[in-house]
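Before any questions on binding or motion, here is one chain by itself as structure tokens, the form predicted alone.
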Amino acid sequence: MGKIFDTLFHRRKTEIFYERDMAPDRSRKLYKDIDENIRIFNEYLADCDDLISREFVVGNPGGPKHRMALFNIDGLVDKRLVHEEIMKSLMLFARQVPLEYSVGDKFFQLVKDGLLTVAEVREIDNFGEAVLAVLSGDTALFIDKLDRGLILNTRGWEKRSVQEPATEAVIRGPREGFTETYRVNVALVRRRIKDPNLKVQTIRLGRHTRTDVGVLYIKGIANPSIVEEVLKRLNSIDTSGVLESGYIEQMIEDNWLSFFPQFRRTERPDVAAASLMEGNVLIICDNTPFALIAPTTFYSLFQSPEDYYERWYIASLIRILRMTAAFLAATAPALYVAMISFHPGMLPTDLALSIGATREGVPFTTTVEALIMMLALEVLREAGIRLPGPIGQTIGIVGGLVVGEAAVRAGIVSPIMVILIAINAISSFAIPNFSLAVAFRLLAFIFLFLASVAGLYGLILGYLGLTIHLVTLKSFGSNYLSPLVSFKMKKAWDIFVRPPLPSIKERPDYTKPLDRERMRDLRQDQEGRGGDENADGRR
């Protein structure tokens, strides 16, 4: 008989678990019996040893007694708030106030508005909201003989402090970066844009993780169609969990087969704020310091925050260097293979003889030679990333020098190939966006294969295919190669040359902003007014 009872109990417990392994049903309402509410709530969070529950009685001597129960998760709440603002208020301070109300609406409002000193309090009437709130770091409070409860904001888990971003280091600019806490990241943006038109819409994604995801935009600047499209794609996500913004990026991008990122990601609040003021939409995800900016273009991925903090001629020079580095990162090995294997006559005679002398004794073709060095470089780069910081940097530098020198001494590769691969690696590091740099590294292998098959003709064919792909690529309806494809040459100058800041009067076209005016040139306005005054004086 005992075995039968244990089997039935285990089966019932398993049924409860599998029935409720997803988000709790919000249609299940609270009961007026507090014992029933406690039992059901404990069923939802069965086998959760970090659940903290406390039953207590509120009331002064000689007056009515009111049973209450609260629930929270250890490690997710600020215990000082729970002890000082909830327990102390209800169990100590409430005894000093005559509680004349019996259990009912008046008593509920007295507890909500008069006894609790927590800043944020909201009502609930179902178990789904209660369980989700407790798992998010809040505290649930149930009152006997009432079919309503209270959710108290007591979130206070351990979190990383605001630090300088590791992936977007700058010489001039703010040193603050996003953290893994959603509300902190939203506050960092709000602190820079003190405008009531900055809107924040929060949704929760993931059947198990219930991750907070915020969509930020400036009303009156951002195009409503882009905002609606972002929200539509986010709401269409149906997955078990969202642990990082990379999940969202891959699920809602226009072309998931493309090498090229269709979002601009950033750890910097100043970059996020600047993008919002240009008409972009910002997506902030909980548990990650990386925010997503949409829409984006190919050329905006080459921009750095310092481009707008430094003088225009310095920023223009650096921007041209980045474009040149991107070309070398994708083309340098393939161009070398094409010239040596197929078109040696295009090289000066002395250079061709010098390259031939250095390749004497190398047992591999130029294609295999380049492939060996490129693969060795990628292995060293990956090893340097995975190892701890100081050791990883040492492996990347010393490993490259040792491997390159040993390969040349062994006669496996030629010295000029080591130089070309070093130029290729350094050029990829000059690209400010990591995802874009990875795309160019992948293109280097594709171009190498095409050059080994057809020489310069294969390389030209590869660039034609790349151009066709980029022209057809979209980012939330915006052309990826904007503004080149729109043939607006005045705005195309911003691709290579950063104009003087007073001359950038309009927002970019690819965001389709409602308000295109970015700034007014005060000097021109003053000159215009001065000319009018001089004309009036002459008259």
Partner chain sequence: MKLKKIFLITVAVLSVFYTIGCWDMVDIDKRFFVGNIGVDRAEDGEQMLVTFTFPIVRKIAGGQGGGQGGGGGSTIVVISTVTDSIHAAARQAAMRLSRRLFFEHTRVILIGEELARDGIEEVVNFLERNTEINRRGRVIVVRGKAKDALTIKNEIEVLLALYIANIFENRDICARFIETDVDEFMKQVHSMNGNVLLPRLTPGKTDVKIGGAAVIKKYKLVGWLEENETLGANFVLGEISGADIMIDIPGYKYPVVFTVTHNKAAMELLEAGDYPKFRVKLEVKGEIVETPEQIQLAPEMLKIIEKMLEDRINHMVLASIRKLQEEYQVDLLGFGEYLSKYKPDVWEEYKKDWENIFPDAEINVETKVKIRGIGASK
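Residue numbers count along the first chain shown, from 1. Here the structure is a predicted model, which means the values were calculated and not measured.
What comes next is about the form predicted in complex with the partner chain, which is not displayed.
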Looking in the predicted complex, is the partner chain within 4.5 Å of a heavy atom from each of Ile171, Ser275 and Phe302?
no
Only one of 418-426, 239-247, 455-463, 197-205 has residues with a heavy atom within 4.5 Å of the partner chain in the predicted complex, and that stretch is 455-463
Does Thr366 make contact with the partner chain in the predicted complex, using a 4.5 Å heavy atom cut-off?
yes
Is Pro344 close enough to the partner chain in the predicted complex to count, meaning some heavy atom within 4.5 Å?
yes
Is Ser161 near the partner chain? Define near as a heavy atom within 4.5 Å, in the predicted complex.
no
Is it the case that Arg233, even though its partner is missing from this view, gets within 4.5 Å of the partner chain in the predicted complex, heavy atoms only?
no
Going by heavy atom distances of 4.5 angstroms or less, which of Val362, Ile318, Leu132, Leu115 would be at the interface with the partner chain in the predicted complex?
Val362
Under a 4.5 angstroms heavy atom criterion, identify the one residue in Ser225, Ser354, Gln109, Asn255 near the partner chain in the predicted complex.
Ser354
